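Okay, so here's just one chain, in structure tokens, the form predicted on its own.
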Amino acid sequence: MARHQIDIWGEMCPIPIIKTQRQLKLMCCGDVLIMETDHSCTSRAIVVWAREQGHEIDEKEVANGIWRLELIKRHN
């Protein structure tokens, strides 16, 4: 299991989802993708999208206004 990270600070949808899709193509099933954002709407959009795509995702507000997303790729 490899861990990957992408920068989505200050970005609004659909850019973070596009970046996530591109990164997932480079990852293996079971790998973890870490993302942090300062936009709650971006965090929610990625969570909804990831679940619809069949991936596992955990969302935590790690500081006031900062969300950390940990996505586990579940299929290719």
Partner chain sequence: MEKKALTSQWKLNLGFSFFILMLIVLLLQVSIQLTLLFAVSLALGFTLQKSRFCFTSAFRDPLLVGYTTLTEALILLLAISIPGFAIVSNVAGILHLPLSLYVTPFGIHTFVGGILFGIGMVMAGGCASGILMRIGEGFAMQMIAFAGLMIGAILGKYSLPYWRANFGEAPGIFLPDIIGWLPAVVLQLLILFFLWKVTRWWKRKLNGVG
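Note that the structure is predicted; figures quoted are calculated from it, not measured. Numbering follows the first chain given and starts at 1.
The same protein also exists as the form predicted in complex with its partner chain; that form is not shown, yet it is the one meant from here on.
* Asked: Is there any non-hydrogen atom of C28 lying within 4.5 Å of its partner chain in the model of the complex?
  -> No, no contact at 4.5 Å.
* With heavy atoms only and a cut-off of 4.5 Å, decide whether L24 touches its partner chain in the model of the complex. => No, L24 is distant from the partner.
* Just to confirm, V48 within 4.5 Å of its partner chain in the model of the complex by heavy atoms? -> The answer is yes: V48 has a heavy atom within 4.5 Å of its partner chain.
* Heavy atom to heavy atom, is I17 within 4.5 Å of its partner chain in the model of the complex? -> It does: once its partner chain is placed as it appears in the model of the complex, I17 has a heavy atom within 4.5 Å of it.
* in the model of the complex, which residues of 41-71 put a heavy atom within 4.5 Å of its partner chain? -> Heavy-atom contacts to its partner chain in the model of the complex: C41, R44, A45, V48, W49, E52, Q53, E61, V62, A63, N64, I66, W67.
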